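Just one chain follows, in the form predicted alone, and it is written as structure tokens.
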């Protein structure tokens, strides 16, 4: 129980300023990036007409996400953005799954991770909107349907970032807290392994999919 709320930090002094970094989140993120690179090597090193297991998994995943992107964004923008959406989904999937392994923590349990990804999606969506519509038309849309709705439209766009970030963070953090509490009460005997499987595999997969699809939808809404 004493582990709840405990955060290990690195303090970095740079140019007279002090920066605090969540060391666990940073190390876990680097580890996940390494695991993803290993997965890519396994999936692509011996490509064949009759795919092996790793190649088959990667092709199914990429084709599925590519179809989703084309359906949401159209042929041109779907083909352009599906590598980003695919990378985002795989990264979140590994982030949520790694908590199943003992002594490993999910980077998505840190609000900085989810908020950073949400802000990234925000700038991509609005940057694409400016490119597609032009700056004048992009700004004009905030004054619709009536000019004094502009502040509410701005708040609505910012609320999307907060919503998508806190949804993922809350689900992963909430699952971790439930596992810690139940493990403490049951002395880690029977129920906790099933909770790890449920929150890590099932909820982790669903939340990675939801975050990815919402990011895709936000981009789609901006360019339509």
Partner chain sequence: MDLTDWVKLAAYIGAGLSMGFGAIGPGVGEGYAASKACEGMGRQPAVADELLRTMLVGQAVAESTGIYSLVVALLLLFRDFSVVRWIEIPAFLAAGLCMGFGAIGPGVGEGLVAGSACESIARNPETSPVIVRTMLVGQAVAESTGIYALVVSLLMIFVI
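Numbering follows the first chain given and starts at 1. Just so you know, these numbers come straight off a predicted model, no measurement behind them.
Quick note: we don't show the form predicted in complex with its partner chain, though the next part is all about it.
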Q) Would its partner chain in the predicted complex be within 4.5 angstroms of a non-hydrogen atom of every residue among 56, 105 and 201? A) no
Q) Does residue 68 make contact with its partner chain in the predicted complex, using a 4.5 Å heavy atom cut-off? A) yes
Q.
Given that its partner chain is not shown alongside this chain, does residue 209 nevertheless sit within 4.5 Å of it in the predicted complex, heavy atom to heavy atom?
A. yes
Q) Looking at the partner-bound form in the predicted complex, is residue 171 within 4.5 Å of its partner chain by any heavy atom? A) yes
Q.
Against its partner chain in the predicted complex, would residue 163 count as a contact residue? Criterion: heavy atoms within 4.5 Å.
A. yes
Q. Among 68 to 76, 121 to 129, 90 to 98, 136 to 144, which stretch sits within 4.5 Å of its partner chain in the predicted complex, heavy atoms only?
A. 68 to 76
Q) its partner chain isn't shown here, but in the predicted complex which of 30, 194, 39, 184 has a heavy atom within 4.5 Å of it? A) 184
